[in-house]
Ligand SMILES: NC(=O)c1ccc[n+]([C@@H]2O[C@H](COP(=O)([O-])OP(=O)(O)OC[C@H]3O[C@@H](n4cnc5c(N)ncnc54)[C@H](O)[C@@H]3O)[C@@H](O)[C@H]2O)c1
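Only one chain comes next, encoded as structure tokens, the form predicted alone.
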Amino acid sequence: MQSQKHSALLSRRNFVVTTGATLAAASSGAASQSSKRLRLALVGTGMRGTLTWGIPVAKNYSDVVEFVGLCDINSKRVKMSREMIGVNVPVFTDFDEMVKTTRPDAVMITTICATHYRYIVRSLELGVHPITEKAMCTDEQQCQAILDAQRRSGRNVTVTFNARHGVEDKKVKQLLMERAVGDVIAVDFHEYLNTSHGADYFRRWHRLKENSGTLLVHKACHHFDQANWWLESDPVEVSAWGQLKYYGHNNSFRGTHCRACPYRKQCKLYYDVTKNPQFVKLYVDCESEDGYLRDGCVWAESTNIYDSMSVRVRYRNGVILTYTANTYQPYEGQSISFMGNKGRLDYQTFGGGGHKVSEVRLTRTFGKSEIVPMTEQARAGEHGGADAGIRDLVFRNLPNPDPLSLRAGMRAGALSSLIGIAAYRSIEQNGRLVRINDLVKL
């Protein structure tokens, strides 16, 4: 038992070194348990904040993490989130007040994408370590503001890219590190979202570019980060095309939101938010505060993001990435192929939730083709256990050491967002080539 406590404390110290957070934690055996824990505040208490970073962390990481405050612009939601998470901490609608009152070591940022940069920059200015959900930023000005604030503060930024933590994703990384296909020449990455998952982005805040930076930033930054991580190279230039051809104005009828819609019986994308008790508590019961509708109309004419996207990225090492995303498909899935001078690696997934089927296939040039066995079992939980993996990485410093480079900091957050930003800038200019270095000063 004593050795376990010692190992936990060493892991805690490693976390402090890795993140740059400061703790008044004593290393002696007489120190209280709470003094060894990371003092964590949370800003943004919606679905991701409450259900991914609130409840599981309070339940499974209480030995290393202590919640000290919750913040949201919606006073009803933040109180409900506190009840759902099950922590007795003060709640705030003002971020600065929360930080100055609770004095956290780190802040978990799970607000809408367009406001992540505000809380990252302010955390750095207030001497607190920011841990942010993707996307780190939604335009080049936000990105530059974060880079400048980090330089001034000398602190790090942690970006929670859970997509690195899937069993198959890690196996692909391992095979590429082992040069299983030799030198990678080109990558095809195709994302298929169905009319359940894909449509959900068009009934929420994501459908407005000013909130999400389009799905090329909010959603695809996951995939661009994976590509950067797998290829171990920086993106240099981007060109893209995008259109809105299915959702938004592309329908003969529309309402404000599903519950009040006169077309609910004829709309194939009707969504009953009241069947999800957690969403009722976090959103429906809190609408009076800010007017946000969790079941907004997917046919809203105000929608200004793309539902069909095609991107081409050239990397510093010469690799060409071709990326597509379509959000109105009859099924979910991904198809990712790495073409090398010694073979081809294909990673395909179909389905979602508990019905996901994945396959990694390695085909040698002038050799055999075989399915790659997975030596690691997928964990239970969201995103095939990847959310649990990123929580372990952030709060328990696992794995340590990190041979697959699972940790993602500010630079990874910037480059993944910048591909998406460059892509929508290219679309705005009819496919013009956009150079990453022309957007920000890395």
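The model shown is predicted, which means the values in this text are computed figures rather than measured ones. From 1 onward, residues are counted along the sequence shown.
The same protein also has a form predicted together with this ligand, omitted here; what follows describes it.
Remark: Asp290 counts among the residues lining this ligand in the predicted bound form, judged by a heavy atom distance of 4.5 Å or less. In the predicted bound form, this ligand sits beyond 4.5 Å of every heavy atom of Met374. By the criterion of a heavy atom within 4.5 Å, Arg411 is excluded from the residues contacting this ligand in the predicted bound form. Using a 4.5 angstroms threshold between heavy atoms, Gly69 stays clear of this ligand in the predicted bound form. Proximity to this ligand in the predicted bound form holds for none of Arg39, Met98 and His129, with the criterion being a heavy atom within 4.5 Å. This chain is displayed without this ligand, yet in the predicted bound form the stretch 198-206 from 142-150, 315-323, 198-206, 252-260 comes within 4.5 Å of it by heavy atoms. In summary, among the residues Val184, Cys113, Leu215, Val159, the only one with a non-hydrogen atom within 4.5 Å of this ligand in the predicted bound form is Cys113. Contacts between stretch 55-92 and this ligand, counted in the predicted bound form as any heavy atom lying within 4.5 Å, involve Asp72, Ile73, Asn74, Arg77, listed in sequence order.
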